[in-house]
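As a starting point, one isolated chain is supplied in structure tokens, in the form predicted alone.
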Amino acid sequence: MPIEILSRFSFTARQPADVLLQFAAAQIPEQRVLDSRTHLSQAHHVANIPAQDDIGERVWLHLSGRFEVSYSATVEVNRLLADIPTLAKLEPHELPAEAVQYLFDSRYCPAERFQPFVEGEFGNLSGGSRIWAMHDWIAEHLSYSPGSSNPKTTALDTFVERRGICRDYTHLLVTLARASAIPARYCSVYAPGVEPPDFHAVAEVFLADPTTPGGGAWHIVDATGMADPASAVKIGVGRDAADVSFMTAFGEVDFDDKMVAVSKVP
């Protein structure tokens, strides 16, 4: 079933600034962009560059003054889904190069500090069954609370305060997975059913690929439970939110407004 996407946002640079955007649905094998339209205000410089892991594109801007972005797309998702709790873990020495970087600590995900916790709480489980137990633990112990976190909030802050939004839920799941030596990355998506509608964050974990004996694959896990992996449209991936924010400013920039709408096409 195709997914229809509409997003708009605007911001103002008080003086010439560089801004990196990532907002468009990625054209990758598991999803096909059937149609898309992008409107950008005038800027001194605009350049498209590949995003992390070659999933999606980023847009470099050099600009001043008010800038508006309008994006619409229809995307068909054809993702192979697996039963996460049944998937085996790949041992670190078995991992392909693409997955290795996602074992390490990152800006928002201090995984090493969580190793005693994951062994104490989930030590009797492994692979996908451990990931799903972490998913359930987060759902049980955290409350979804818009406005409760900020751009500096780490997974450790979320663990202590027991509240957050999708980025915080995702950072915590990614951190717990890495603390278990399971590669995990942050994935920005458009997804129907997210409340309030917004750019949404889910985790991807690298576990066994049920279609390839001895192989591994990335599998979506949404700790908030709001996004269905079968209809989530990937924008980009990274170590954490710092790698895949829809807007990163290098200079004085004031964010003005944002609107996101995502729905299934009947």
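In this text the structure is predicted, and so the values were computed from the model without any measurement. Start at 1 and count along the sequence shown; that's the residue number.
Omitted from view is the form predicted together with a further copy of the same chain, to which the following refers.
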Proximity of L156 to a further copy of the same chain in the model of the complex, heavy atoms at 4.5 Å: yes
Contact flag, L20 vs a further copy of the same chain in the model of the complex, heavy atom cut 4.5 Å: yes
Contact flag, R239 vs a further copy of the same chain in the model of the complex, heavy atom cut 4.5 Å: yes
Contact flag, P92 vs a further copy of the same chain in the model of the complex, heavy atom cut 4.5 Å: yes
Partner-proximal stretch of 226 to 234, 206 to 214, 52 to 60, 27 to 35 relative to a further copy of the same chain in the model of the complex, 4.5 angstroms, heavy atom: 52 to 60
Heavy atom within 4.5 Å of a further copy of the same chain in the model of the complex - qualifying residues of 148 to 173: K152, L156, D157, F159, V160, E161, R162, R163
